[in-house]
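Before any questions on how it binds or moves, here is one chain, the form predicted alone, in structure tokens.
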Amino acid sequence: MPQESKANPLLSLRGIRKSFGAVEVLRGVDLNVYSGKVTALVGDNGAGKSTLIKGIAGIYPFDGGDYVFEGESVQISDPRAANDLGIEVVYQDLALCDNLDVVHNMFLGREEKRGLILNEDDMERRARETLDGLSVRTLKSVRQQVSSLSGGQRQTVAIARAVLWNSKLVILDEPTAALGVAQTAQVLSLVRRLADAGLAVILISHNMVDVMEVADNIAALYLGQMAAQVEASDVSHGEVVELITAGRSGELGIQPKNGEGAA
């Protein structure tokens, strides 16, 4: 079950269900996500992480359960509805255009215009302000072509693009995948700054070292169920791995039903 907190969650999911044909992918999932906190969503391949995130983002409609945002029950029918609430997703492929500069990537599909022409000055100013607000120092210029950027710099641009739109919840899908040690450290530092600035962050990662370093709490999915959501400081690396691979760790997680053996 999700942790209890004195603060009200920004996002609260209760009893979320989702099936594709005869395959039940999410089975009564509960999740709490808090402003100013990094919630790591972990689980093995096939646990339901991607389906859960796509449901939050409005790509898939949930079949059942309650979706509560800022204390209000909402219906998310498409990605625009999620964006309107302040939910932004940075997917693993980043969806950046190599032939455009940083500014045009940050405003891709949401360009600002002055009459019939692009308002280049305003877009550049807002891009700079957003990057400065995140204490990004790794970009030489907001007019650099994305094709010239490193993997860590690309991830930074994608995250800054999500923050640009007055977001309240930023979902990051494997942001450190395929990055080197130094670039991973830069991205994790940026993730921490997002939460410290008051945003709610959902971090999807297979890297338990990254998770234990940056997460405030950890939500472990196991075969479509939420095995446990716990404070990161209350569990060890090994316990998280057991939650991911077996759905339980000692008294924590999904317990065997009466009459079933315990491993």
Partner chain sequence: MSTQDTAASTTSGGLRGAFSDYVDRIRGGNLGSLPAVLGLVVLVVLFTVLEGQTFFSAFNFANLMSQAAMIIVLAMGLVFVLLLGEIDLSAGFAAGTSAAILGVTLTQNGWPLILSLIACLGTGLAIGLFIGLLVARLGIPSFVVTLAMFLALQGLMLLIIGEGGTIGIEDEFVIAVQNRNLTPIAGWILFLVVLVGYALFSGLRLRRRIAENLTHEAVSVWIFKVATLAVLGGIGTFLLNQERSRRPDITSIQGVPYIIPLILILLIGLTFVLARTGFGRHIYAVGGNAEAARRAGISVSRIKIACFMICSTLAAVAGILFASRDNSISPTTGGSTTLLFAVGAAVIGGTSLFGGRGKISDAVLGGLVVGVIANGLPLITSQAGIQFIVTGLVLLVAASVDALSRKKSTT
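Small disclaimer: the values here were computed from a predicted structure and weren't measured. Numbering follows the first chain given and starts at 1.
The discussion below concerns the form predicted in complex with the partner chain, not included here.
Residues of just one listed stretch (174-182, 188-196, 106-114, 67-75) have heavy atoms within 4.5 Å of the partner chain in the model of the complex: 106-114. No residue in the set Arg17, Lys49 and Ala81 has a non-hydrogen atom no more than 4.5 Å from the partner chain in the model of the complex. Taking the partner from elsewhere, Leu139 is found to have a heavy atom lying within 4.5 Å of the partner chain in the model of the complex. In the model of the complex, the partner chain lies within 4.5 Å of some heavy atom of Leu96.
A residue is said to contact a partner when one of its heavy atoms sits within 4.5 Å of a partner heavy atom; Leu164 fails this definition for the partner chain in the model of the complex, lying far away.
Although the partner is absent here, Lys168 lies well away from the partner chain in the model of the complex, with no heavy atom inside 4.5 Å.
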